[in-house]
Ligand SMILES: Cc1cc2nc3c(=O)[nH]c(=O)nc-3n(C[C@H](O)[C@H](O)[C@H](O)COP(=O)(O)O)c2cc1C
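Single chain ahead, by itself, as C-alpha cells, in the form predicted alone.
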Amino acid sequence: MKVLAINSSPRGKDQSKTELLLNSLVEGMRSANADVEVVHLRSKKINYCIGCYTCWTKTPGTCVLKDDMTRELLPKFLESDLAVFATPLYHFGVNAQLKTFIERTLPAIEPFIIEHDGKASHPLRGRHPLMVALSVAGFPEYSVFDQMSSHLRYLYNGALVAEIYRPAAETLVQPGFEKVRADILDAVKQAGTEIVQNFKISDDTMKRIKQPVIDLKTMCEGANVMWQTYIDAGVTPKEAMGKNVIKK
C-alpha cells in the first residue's frame, strides 16, 4: 500500500503534538509493510486557489499555479492508495495550511454537476485515495472535533475510512502523564497497522486512543497557572522550553 501522510502542523517536532501522534501512526503503517511518505506542509510552497477554473477548462486536471502543489504534491496525492490528513485543531476545524491543500485539489474533479444520493456533486476526474484524518486539541472534551469530523465526512464520504482525534494533547507531554501517553501512542501505532490491514480501527484500539486523561476543572487550573507564568516571564511556550521558567 502506498500512503501519503500530510502533516499540516506549523510547529516542529519538539512542539508538535500532531507530529507526535502522526509518527506513531506511520510507524504502525510501516510495520504492516505500507510504503509511507511523510510530507510537512510547513516546508512547502502552496499558493491559494485563485478560483480561475483554468484546471476545469483550458488545462483540464492541471492547475495554472506552478508551485509545490502542482509540481509535486497533487500528483503524489492522486497516486496514493491512502492519504493521511494530520492537522492541529484550529478554531474547531482543520488549520489554514491543510485547508489550502484541500482547496488546491480542485483539478482532481470535473466541473460537471451530477446527482449523487439526492445531492449535487462533481465527478472525480480519476482515482482518488482513501482518507484518514488525525488531529489533536488542547481542550479535554472529545466533542471539540465534531465540526471537523462533520466537514471531512461530508467532503470525503465513504473514502474517509478512519478518524483519530486526541483531546488534551498538550497535557500528554507534561510530567506525570508518561504512562498514559505511552499507552495512547502505542494505540495509535496499532491503529496504523489495523488501517493498512483492514481499512478500519478496532473498537478496543479506539477506546485506548480516546481514553480520558484529565478532567476539565484540573486542566483549567493547571493551564491558567502555566499561561500566567509565561505572561509574567514574557516568553512564548517554545521559549520557555529553553529557559528556567518556574510554574508557580
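Residue positions are given as counts along the sequence shown, with the first one as 1. Keep in mind that what you see is a predicted model, and the values were worked out from it rather than measured.
Beyond what is shown, the protein has a form predicted in complex with the ligand; the following relates to that form.
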| query | finding |
| --- | --- |
| Contact of His116 with the ligand in the predicted complex (heavy atom, 4.5 Å) | no |
| 4.5 Å heavy atom contact, Leu98 and the ligand in the predicted complex | no |
| Contact test in the predicted complex: Gly138 vs the ligand, heavy atoms, 4.5 Å | yes |
| 4.5 Å heavy atom contact, Ala169 and the ligand in the predicted complex | yes |
| Option from 68 to 76, 156 to 164, 83 to 91, 122 to 130 whose residues, in the predicted complex, bring a heavy atom within 4.5 Å of the ligand | 83 to 91 |
